[in-house]
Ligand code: PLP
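Shown next as structure tokens: one chain only, the form predicted alone.
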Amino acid sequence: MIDEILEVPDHLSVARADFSRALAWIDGGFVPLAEARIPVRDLGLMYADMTYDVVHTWRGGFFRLDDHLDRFETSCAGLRLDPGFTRAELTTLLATLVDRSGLADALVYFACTRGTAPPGSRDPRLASNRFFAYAQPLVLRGQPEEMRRGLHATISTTIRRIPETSVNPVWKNTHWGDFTRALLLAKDDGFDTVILLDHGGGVAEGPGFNVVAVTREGLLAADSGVLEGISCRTMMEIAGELGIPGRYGRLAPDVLRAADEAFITSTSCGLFPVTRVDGVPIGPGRPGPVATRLLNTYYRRKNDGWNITPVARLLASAAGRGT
């Protein structure tokens, strides 16, 4: 494999982001994100009784919007939530939100909460569900120099991921008590992030990301107890096209530690190399050739329009339908 230089999109830094353009839609109208509010008695806030998804735009177009909407609809159905929009209406709303923000590269968060229950009732079926969304500048999960260095992670030995029999991770949720506890401990010990195990001792996921090991056999990511990450699927697809085998299965912590390379996947970065686990280098201790090739290919293909749906096209289609 020919060595490549990691092509990090430096324009996606905090210093270059214009957060004055961040815009929200809530309760039927558009407001600056800083002014968006939900009632303090919303059950989404009180009990994490909600679902959400996060999609990004690239050069004025949504990346894999249909996949994110599929997952959002699955989550809403599983949690018995109703955002109050048809799929076409939701698509138009998100496109309008991005268009009004003027952001070409945006991170778009949209959510459905249980809402507020009638006074004196604890029956979730009687609550009026609430939908809201916002668009803000797309900023890398880690800053450019951090990506070139790679993440220094630790595997939590004391806190395990919430069992899937209690909270189904396939339905995207905000039950992050385990993640937050573990991340605070990891930060206290000088690590960038934390990886949680499931109750069977296999690698699960981390705060907002899937974990992928690169071994002699190819890519390996956990197949259960995790959110079915769209970014992880994207990297598996690219790897397959490049002739790099990839599969989902049980990922043991020792396999991760002994991997040739490792990386996480997330909407905000696509892929982020992991170069140390528990203080020990993964492979050479720097972003490896497989992760580098995958990430570079990912950005080049997005630049060519791969899986991109232009916002302007969505709005034109909506206008043609009279919506």
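In case it trips you up, residue 1 is the first one in the sequence shown, and so on. Worth saying up front: this structure is predicted, and the values here are computed from it rather than measured.
Keep in mind that the form predicted in complex with the ligand is not shown, yet the notes after this line are about it.
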- Report yes if any heavy atom of N210 sits within 4.5 Å of a heavy atom of the ligand in the predicted complex; otherwise report no. yes
- Item | F85 within 4.5 Å of the ligand in the predicted complex, heavy atoms | no
- Query: If you check in the predicted complex, is Q136 within 4.5 Å of the ligand, heavy atoms only?
  - Reply: no
- Any non-hydrogen atom of G229 within 4.5 angstroms of the ligand in the predicted complex: yes
- Query: Tell me, which of F179, F191, Y248, F131 has a heavy atom within 4.5 angstroms of the ligand in the predicted complex?
  - Reply: F179
- Message: Suppose contact means a heavy atom within 4.5 Å; in the predicted complex, does that hold for all of K172, G206 and S266 with the ligand?
- Response: yes
- Message: Please identify, from 151 to 159, 110 to 118, 88 to 96, 221 to 229, the stretch that has a heavy atom within 4.5 Å of the ligand in the predicted complex.
- Response: 221 to 229
- Message: Can you list, in sequence order, the residues from 63 to 102 that come within 4.5 Å of the ligand in the predicted complex, counting heavy atoms only?
- Response: H68, R71
